[in-house]
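Only one chain is included here, represented as structure tokens and corresponding to the form predicted alone.
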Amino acid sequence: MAKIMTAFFSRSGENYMVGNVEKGSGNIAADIISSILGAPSYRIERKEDYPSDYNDCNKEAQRERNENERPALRSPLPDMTGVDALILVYPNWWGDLPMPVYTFLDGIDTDGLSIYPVCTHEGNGLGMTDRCIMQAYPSAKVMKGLALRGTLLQNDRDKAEAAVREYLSKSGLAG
């Protein structure tokens, strides 16, 4: 049986289509995954919070992306010893991963690691995020991903949990 860990990036505050949220959609998805699998979870957080205002956050995140910045993380990286399956939860930001997710992936050993992308979005699905992971970390095995709408995670947890359960089952991670 694979040793599984969940790592997630999520932000609260003003979010597209769902308004102001206390708990970001990625955090909700990671909670669902961890409750189903009983797997440890690591929160990927930028050392300095993004602005809570949606437009201000977009400007800051776009600047990071344009400069290919790897922002510092708030917490030390988790011990990945023996982990062979990583469920990576993140939002689709312009078809790509948020830059703190790259900081996280740059800091761990991805050689032979199976990465299961779980992407929150509001209409663009996975975008090119799975391909971005494949391109940046060619020694990892990027598995079929799951795209979850933030509005679903925020407004219908039962339906969101059913979608996550189905994905984990089809991926062979849960019975």
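In case it trips you up, residue 1 is the first one in the sequence shown, and so on. Computed from a predicted model, the values in this text were never measured in an experiment.
Form predicted together with a small molecule: not shown, discussed below.
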Completion exercise
Heavy atom within 4.5 Å of the small molecule in the predicted complex, from candidates Leu113, Ala61, Leu146, Ile32, belongs to Ala61
Problem - Location of the small molecule contact in the predicted complex, chosen stretch of 33-41, 135-143, 66-74, 50-58 [non-hydrogen atom, 4.5 Å] - result: 50-58
Practice task
Using a 4.5 Å heavy atom cut-off, state whether Thr120 contacts the small molecule in the predicted complex.
Solution key: yes
Exercise for the section: Mark Tyr102 yes when one of its heavy atoms lies within 4.5 Å of a heavy atom of the small molecule in the predicted complex, and no otherwise. Expected result: no
Exercise for the section: Using the partner position in the predicted complex, report whether Pro78 sits within 4.5 Å of the small molecule, counting heavy atoms only. Expected result: no
